[in-house]
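Same chain, two versions here, written out as structure tokens and called structure 1 and structure 2.
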Structure 1
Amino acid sequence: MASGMTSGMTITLAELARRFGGDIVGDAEQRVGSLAPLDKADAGQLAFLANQKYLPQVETTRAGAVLISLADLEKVAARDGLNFIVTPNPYAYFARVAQAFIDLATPAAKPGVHPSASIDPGAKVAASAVIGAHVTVEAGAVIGERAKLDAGVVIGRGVKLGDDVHLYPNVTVYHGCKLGARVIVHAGAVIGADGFGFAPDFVGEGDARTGSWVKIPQVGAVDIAEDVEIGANTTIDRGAMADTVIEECVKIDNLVQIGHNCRIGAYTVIAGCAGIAGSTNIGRHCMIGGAVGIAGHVTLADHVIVTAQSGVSKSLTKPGMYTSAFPAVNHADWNKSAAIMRNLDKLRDRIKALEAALDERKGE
């Protein structure tokens, strides 16, 4: 923390600039203690401009200061009495400052193990870690420095958690999985459950069919690199033989399913309710929209964007934006379109017949 940044205190613009960069225009000693929108901020608050449509609000805001880009600052005609921190990316700057303000308001957790926690004697827990109520840590697990395990977390045997990992309540990490430094996993997420692997062993057809599904042992694990964040109730399956791998700085939303042996490239983001089948490789810096479904054994190149509710059934080998979802329309219009789609094969046949007839006439 910068000097003076203690709980309940404000911070000067100069201190913010020293910590996060940026150039100050106006009073560097102006103090702010929280963030607010341009139209609601007061003199003790910091606002930001990241969308052009809110530019007129800059001239009328009562905020103590505004985070703004140089290009947008040059468009502000009435600057009297206003303070600015000029930065190339005001939105990212806002996010970093917001984290600092949360730190100001959050009491520091005291290291130690809650009396109700169950820690196997064969586990190694850093003295600086914070172990909450009813946490279970099994044999061979290693808990890094300043790690925080909230109530009800279960850590399987041989799990390794890096420094500054934070697991929210009721997270379960199965045996043998690894989480790198500063990984955040939100409540109810499950890391390392068995992948969905079953071999068919049936004979016969129809009602005479007999046999069953034979479970394939899932002996891999999940390897999560540093600075990954995983949303609530998300599940990441362990590999069948090799590990499921999540590379550094991947951000995964709530209710996402990642199948066994997938690899998610660094800096990729995945929105809520996406489902990724096993053995899929997703590149770096990809964006996967909400409720996207990706089939197994496909590859997405780096810098691929898949829009919400799209289905991906084959590899996408070139960067770019891909869409297969049908946008919402009036119900009656959809019924008309659906009726046309049901008859596309017939329309195709009619077009082919017309083309053949035209070719015959041209040949006469």
Structure 2
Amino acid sequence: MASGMTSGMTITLAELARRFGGDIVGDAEQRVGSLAPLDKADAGQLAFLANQKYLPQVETTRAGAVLISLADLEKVAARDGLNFIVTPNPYAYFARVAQAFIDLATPAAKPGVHPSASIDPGAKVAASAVIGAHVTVEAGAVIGERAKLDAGVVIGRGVKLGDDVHLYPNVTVYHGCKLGARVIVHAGAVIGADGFGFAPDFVGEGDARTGSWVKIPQVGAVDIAEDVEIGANTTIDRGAMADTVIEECVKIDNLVQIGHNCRIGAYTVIAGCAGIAGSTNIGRHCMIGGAVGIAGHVTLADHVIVTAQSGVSKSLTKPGMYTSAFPAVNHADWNKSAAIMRNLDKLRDRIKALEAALDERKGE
């Protein structure tokens, strides 16, 4: 566990507060060098309280310091010998400090282009970029400052990568796509493949049908704003005419499919295995659960939450939580209910018949 979190280097609480904010309660000169859960931390480690149920652990922890909110600090009775950094959001603070410790412990990649990489003379690669083995960069591409392209990445013609972009191994970015600053794309993801569009050119019906599907050229691209993260083997298709757009700070998990000409609003989060068909417009601050399916040409308002495995076939115009999935139950019980479900109209008809019979009786 967590070898990346012990760099051997330590930092004072005063220095943490200087870099990340927060108020120190206790010894500002206490040094910490890594992070650990409350119940496992030792005197050289920083712990955090983000969930009320761990409040009792604060009084017994041996951590060098605890990240805590002011409201929670006031609930801690026995604070003797404990040090705190008081911050409104201990979990986010923890995340930032953890990243800083990792950066300290990770060997810095040397800027430059690996000799095995294939860079078109017409591409423009910042001198501070780190281009890995067997990377391909085609003509007209522009690679920003400190961008990191891991082994096997392929960058198409005219792609623009912002500063501090990190593409993990074997990512493919098709021609003409743009990725903003600090975008992270995990291994195997594909940005800008052709959207799925074919014009039917058939005559006749049934067995007599002849003709073919004619490919609709996909001449838009994908435009990804800054601070987006995209998971492994996720696919985001290029637009047919206009671009597919991913707004700032959208977070997309693994194996997600986003169709051509979608727009995903800023700060929206999409969990793994979700699929979003073409030309759909998802608002800002939405949360799309795992394996959710969303039809094409629909619009989701800002702040919509769709729970895992649900299906959205129409626009959702109001914020709120939407669902259409059942939890698994005993197989035999399910089949019994499912059989009745398939004949709900018969059940309804029997109720109608009963109502009619009772009405008739009333008349007697």
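Between two forms, the rigid core is the largest collection of C-alphas that superpose within 1.5 Å. One-based numbering along structure 1's sequence throughout. Keep in mind it's a predicted model, so treat the numbers as computed, not measured.
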*Choose the one of the two that is the form predicted in complex with a further copy of the same chain.*
2
*Align both forms on the core first, then report whether D23 has a C-alpha shift of 2 Å or more between structures 1 and 2.*
no
*Once the two forms are fitted on their rigid core, how many angstrom does the CA of A353 move between structures 1 and 2?*
3.9
